[in-house]
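Just the one chain here, laid out as structure tokens, in the form predicted on its own.
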Amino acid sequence: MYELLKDLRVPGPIPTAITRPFWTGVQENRFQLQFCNCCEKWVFYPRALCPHCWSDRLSWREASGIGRIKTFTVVHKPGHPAWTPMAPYALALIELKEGPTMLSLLVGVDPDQVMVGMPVKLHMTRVGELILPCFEPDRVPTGESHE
């Protein structure tokens, strides 16, 4: 799977002034999320105001890169043709240990083996010319917590 991903030529993210720190960090193998210095809650996706208290006192902090699958889908017909060689593949909403949820590609697992609640960990993955924050199964035995 990883070798196939390296050869894809997919459209990448278009960083804005607000999202640039996230994408720059990813390209440097760093996983950082916004943190509200007012209400002390984590924020994802990047934005100008905290969605919990509306403060603009947001900073960037390193995040754990671990979480659990909240829900997922198996893509058989990608929305963009550049992803066709990967099909079928799993996309999941990952509930991060810090609290926010993010959408990501699952790697290192057969889509038929993906389960809601499965523990996952970050895997910075080369996709064409990009590094993307993907997730792979965390081999922690069922029932153990990351906390």
Partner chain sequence: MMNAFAKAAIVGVGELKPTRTTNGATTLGMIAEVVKRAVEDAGLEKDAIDGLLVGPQVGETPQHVPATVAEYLGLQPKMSNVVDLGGASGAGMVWRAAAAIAAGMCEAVVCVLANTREAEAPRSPNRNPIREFDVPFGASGANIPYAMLMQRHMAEFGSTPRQFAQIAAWARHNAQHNPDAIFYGKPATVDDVLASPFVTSPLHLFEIVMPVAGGEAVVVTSAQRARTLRHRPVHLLGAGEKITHRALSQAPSLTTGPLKPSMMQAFSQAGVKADDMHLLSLYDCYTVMTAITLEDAGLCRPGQFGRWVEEHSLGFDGDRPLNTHGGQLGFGQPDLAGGMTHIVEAVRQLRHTAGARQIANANLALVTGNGATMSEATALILGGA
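Because the structure is a prediction, the values reported are computed rather than measured. Residue numbers count along the first chain shown, from 1.
FYI, the form predicted together with its partner chain isn't displayed, but the following is about it.
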Point to revise | Interface membership of A92, its partner chain in the predicted bound form, 4.5 Å heavy atom rule | key: yes
**Study point:** its partner chain contact at P15 in the predicted bound form, heavy atom, 4.5 Å
**Key:** yes
Exercise for review: Verify the contact flag for C53: yes if a non-hydrogen atom of it lies within 4.5 Å of a non-hydrogen atom of its partner chain in the predicted bound form, no if not.
Suggested key: no
Point to revise | Proximity of Q27 to its partner chain in the predicted bound form, heavy atoms at 4.5 Å | key: no
Practice item. Pull the contact list for 59-96: residues with a heavy atom within 4.5 Å of its partner chain in the predicted bound form, in sequence order. Key: K70, T71, F72, T73, V74, V75, H76, K77, G79, H80, P81, W83, Y89, L91, A92, L93
